[in-house]
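So this one's two forms of a single chain, laid out as structure tokens and tagged structure 1 and structure 2.
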Structure 1
């Protein structure tokens, strides 16, 4: 449902929301931020199955904060330390709220659209080129991996927990890196052949429509309410 909007509007909203969430420290405000993230998810049309593994990945790293922050060593034993627990809770809620909103706003836009939207915010050329190639090479490497893995599988390779499997996988990893590097060189050469001089010129343009303005306006109202709550509460 959120997919049809202009990526520039979505990026702007996600960016502002992140800043405000990071600044918010009062309990009701935090709750509102989390609700905003959840509402975004509900509106986005994302399925729980797509979201869950990614959400799990984010929270896996947050476990670390729960293992360290809420404990204090006194007399050689760890004791529960409430202010630390509050801090861990803050971090967890903020990270999840921000992640939920970014996912629900941006998961529906292809990476190329997001890059173009970023270009419209006049980020430096070098940074954009980096993003652009990053997106491309992630795919390239995973593609290389899939091809090599398929070639291994059709020749009857079955991973087991033994030395041979480890050796084969280390060779696979090496092959992916070397091939990835080789290919990146050839891709770069092909770009040179087509006159690349370090600047990406964009061909497609977005069309900002009335509904984008309405989405932006509604979001800005809600975001300023969140901000006001934090400042005056």
Structure 2
């Protein structure tokens, strides 16, 4: 299980793995990166039921690469283009490997712990504040959407593929943005009244343990092997 480790170690491992995976272009190295992501998933305690919708969302956007890169117009007709297909395969494998490891390492850590860990890496205070507020208010906007949709359903609205439905959903999006803006103004004024100056101060701190060091050391050794495989293969 990877949930009990220090978020700083997990963030560093995920970041380094992403860089090495992006740099890897040979088939054995790509396979090793994908196996690493699957191994992380196996150790994370996550279930396929929880992971599948998120993995499907990632691969939905990758479909566009398969619809464009493997084809080349010759004489006005599309023809199969092997280098483009290889590039599409590279993007797909890399994206899935990176996503699997990030989900495996960070799924068990609350967003507040991840932001706390990022603060230890000395990211700008404004960027951390932006991350924190985004994580907080994305759920509030989601709740606002559900309330408005419930009000629409009570009034008998049934979405169809017509102009009226598009107009109603555009009004719904506008209402969410307006209400979100009004709430952000109220929250900002409340924060100023409480002495907010653009920095979220850290009160509690993480405690690095021996098991965190062992995880980081083992991961660095494996990542070094992946990098050496790409360089010398």
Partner chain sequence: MSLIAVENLNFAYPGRPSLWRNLNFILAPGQRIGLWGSNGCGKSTLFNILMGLTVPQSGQIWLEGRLCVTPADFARQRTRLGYAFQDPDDQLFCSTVLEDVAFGPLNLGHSREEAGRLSSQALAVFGLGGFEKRITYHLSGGEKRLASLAAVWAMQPQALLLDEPHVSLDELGLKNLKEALRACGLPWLMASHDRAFLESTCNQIWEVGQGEINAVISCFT
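Rigid core: the largest C-alpha set superposing within 1.5 Å between the two forms. Small disclaimer: the values here were computed from a predicted structure and weren't measured. Residue numbers count along the first chain shown, from 1.
- Only structure 2 comes from the form predicted alone.
- Among 58, 85, 183, 52, only 183 lies at the hinge, the spot where C-alphas switch from fitting one rigid part better to fitting the other between structure 1 and structure 2.
- Between the two rigid parts, the smaller one rotates 15° against the larger between structure 1 and structure 2, as C-alpha superposition shows.
- With the core fitted, the CA of residue 147 sits 3.8 Å away from its counterpart between structure 1 and structure 2.
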